[in-house]
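Here you get one chain, nothing else, as structure tokens; it is the form predicted on its own.
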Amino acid sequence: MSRLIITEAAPLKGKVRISGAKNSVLPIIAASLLAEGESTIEEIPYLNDVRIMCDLLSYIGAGVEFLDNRSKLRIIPGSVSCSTAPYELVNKMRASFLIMGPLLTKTGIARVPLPGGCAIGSRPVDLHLKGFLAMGAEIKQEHGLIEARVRGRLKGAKIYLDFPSVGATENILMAAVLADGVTTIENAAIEPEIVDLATYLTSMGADIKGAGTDTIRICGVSSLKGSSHSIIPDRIEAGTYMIAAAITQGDVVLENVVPDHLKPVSAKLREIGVEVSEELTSIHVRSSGKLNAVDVKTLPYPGFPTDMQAQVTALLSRARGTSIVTETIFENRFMHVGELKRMGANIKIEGRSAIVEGREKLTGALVKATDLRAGAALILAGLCAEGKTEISDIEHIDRGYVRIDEKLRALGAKIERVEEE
């Protein structure tokens, strides 16, 4: 087990390069199973979740190799020798369920345990299964295992998602590219990660129209070839460093970003009183220290991302006045609030909203990362808190941030990783 120890430092200054998107690379790794040849993926964020997904591919018979100091990944699908994903891997990461679509359409059978991951609320897979059923699959669920089977090829279908689920959109999209006929996904998720997956699949020979809109049309093809692809920058990592600059009254340039992907975060930071300027592939964030209270409501893209809710709550705990943060995506995504209160934050939970009374100072404390983004929020609070902050359970943080302690130290933060037996 490891811990992070943080002490208050001077304002962060300098440049930080943003890694490839975790939420993009995971479905793209799964999609590589669909090809009949070797694929190469660049801008790989070397994270625990990426390693788990690679272990999952290796288990079912694919060849996986990291290259170029683990920034590139070579995947050789080969002949998939197993259609059952192991519980010990799936239980570690919810995104492992994305293996079901590729396995089902490629082999005609997929057995996947119900997934694990961060305990941030209910994230049922019923929308994924609704799509597979509409395409002709037979679904059985027993003993915590979901089995999907199809005789011959999946059939194109019109599928309406009750909620624009990113995971369901990705899984159905991957299943549909080798189906017989045309599949239409209505009320589809429109996140940049969906577009990145569709771009990769199209480079492999898939026929996809409308990715990035709420209606995606997929005309099934008979086979896909291997391809090369570069992962888009991680908009959530970028947003986290933007808030790190803001909360420390810093002056930071983020490189390797797509500013359009960060519009909701940039807009909210400007409303809070932070200066944000954009170039083609970079964002410059400067903060004078005067932070205004604002209201924030999480929404599906292009609304304010739920994955940034914990971080902005940490920032607003330093703002002047009362802010209201409303979470509409996950019902259990305020677990960071109890830990922030240990650091002196004045936050009250009412239903799906957090009422945040800004404080002039936070104080260091012993805290625990209850999930990935909660851990990021505690790091941000620790950067500006008086005294020492010690964060345990940081394996959650390592699931989504590449060398976050090293990157913050390069900007002037006082943060150390302590390894324990």
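Position 1 is the first residue in the sequence shown; the rest follow in order. Predicted model, so just to flag it, every value in this text is computed and none were measured.
Quick note: we don't show the form predicted in complex with a small molecule, though the next part is all about it.
For the options P164, P113, G156, P192, the one in contact with the small molecule in the predicted bound form, meaning a heavy atom within 4.5 Å, is P164.
Between the small molecule and the residues R217, K106, R149, R94, the one pair within 4.5 Å by heavy atoms in the predicted bound form involves R94. Contact annotation for T199: none of its heavy atoms lies within 4.5 Å of the small molecule in the predicted bound form. When the small molecule is considered in the predicted bound form, S83 lies well away from it, no heavy atom lying within 4.5 Å. Among residues of the shown chain, L127 is one whose heavy atoms approach the small molecule to within 4.5 Å in the predicted bound form. The small molecule in the predicted bound form is not approached by E339, whose heavy atoms all lie more than 4.5 angstroms from it. Proximity to the small molecule in the predicted bound form, taken as heavy atoms within 4.5 Å, picks out 323-331 from the listed stretches 323-331, 250-258, 278-286, 134-142.
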